[in-house]
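Single chain ahead, by itself, as structure tokens, in the form predicted on its own.
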């Protein structure tokens, strides 16, 4: 039987509001792009919509914390967060009184390592004028669907908000971590198993003397150790990884980058390794710390990456990635002090190897580790197991339904290295047919497969500038304004 909707029923169906740009994700990446678009002069009221469930823009997963023990791992002077004002964050720390209220932020060499929560507050304040001015609309919802509609995109949030956008920018963060198979199989559902330590209050139930097994030895693992010690925790912590390599410490003093890796480009991972070793030897002969070489690698990282053919990029990821990351992503001195003290007194242990057995009881977990290089088996009992393995890049699409649907419809595909979503040098998503989609853009860490070095604030800020310039030149100036759809 044919049923005709009444005028009242038709009015209850939410209309899609028109906008120029819809940004999915309002962490540092999405907020920076929104701000640059807003101040660029091509947008009017509510032309920019940012879907971000958090209460404020600019923090995202990286900086959304109330834990005062967690600090930025680079000094404030190098936190070039605002593209047009490279010293804005450092000035804000002084002018706002934030630095005076945080004496522990200043290291012995005078460098300032601010709390992450303070950086989130700084970003929120920088975003406030464009939000209050109506240029940026913050929708506190998660995106459920992104569907092509004519020449634009219909974006729907989980709270019912619908917009019709000319351009969609995917600026979400890394996916959540994933526990190794044996651990997940044995402990999923166990009350002492913390699979996502980024969740609010995730560590609150750990008592002062509880023994803790941390799976992973990178910066996330060090965050967990630091946070627990800051709360007064005194129990044993074992940090485990296959390699046993942990992040190195930042060097004292002000360093300039040392090394030229682009004028004579390397086209193999082995050639790059040799070039880095030569630069390290030269730096040592000049009395420079190794950190200056890795700072040069970071600054030139995107060019270095793009000079390597795909097969050599894969070789780098397979053989050199972990060593590079432990020297590239370094810990601040405050964290180094806590970790070093724990290693000295034996209450923090770093163990390389593999897990061969896991047993659970109601209140404890027993783990057998085959430890490199001795090959001996160590048995440890813990009250808690915490996953700190880093992002599960393999699930970047499947964990977000709107991305899975975009993949099924042929609008996106995973990049060839499994780091994120495929895009070209202009950040345009590559569809399954191999062609770029002009109005669907990938921003921030999800574009690492194309750009290589795209995790730190300065690199993301540079991509945001390039991306916004492209949108303004190619799209916003020539597109007619949308009506409600």
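Positions refer to the first chain, counted from 1. Small disclaimer: the values here were computed from a predicted structure and weren't measured.
This next part talks about the form predicted in complex with a small molecule, which is not shown.
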Is it the case that 187, 216 and 384 all touch the small molecule in the predicted bound form, with a non-hydrogen atom of each within 4.5 angstroms?
no
Of 435, 42, 416, 54, which one comes within 4.5 Å of the small molecule in the predicted bound form, counting heavy atoms only?
54
Find the only residue in 316, 261, 305, 402 having a heavy atom within 4.5 Å of the small molecule in the predicted bound form.
402
Please determine whether residue 451 contacts the small molecule in the predicted bound form, using a 4.5 Å cut-off between heavy atoms.
no
I'd like to know whether residue 325 contacts the small molecule in the predicted bound form, with contact meaning heavy atoms within 4.5 angstroms.
no
At the 4.5 Å heavy atom threshold, is residue 79 in contact with the small molecule in the predicted bound form?
yes
Could you confirm whether residue 420 comes within 4.5 Å of the small molecule in the predicted bound form, counting heavy atoms only?
no
335-343, 236-244, 170-178, 375-383: which one contacts the small molecule in the predicted bound form at 4.5 Å, heavy atom to heavy atom?
170-178
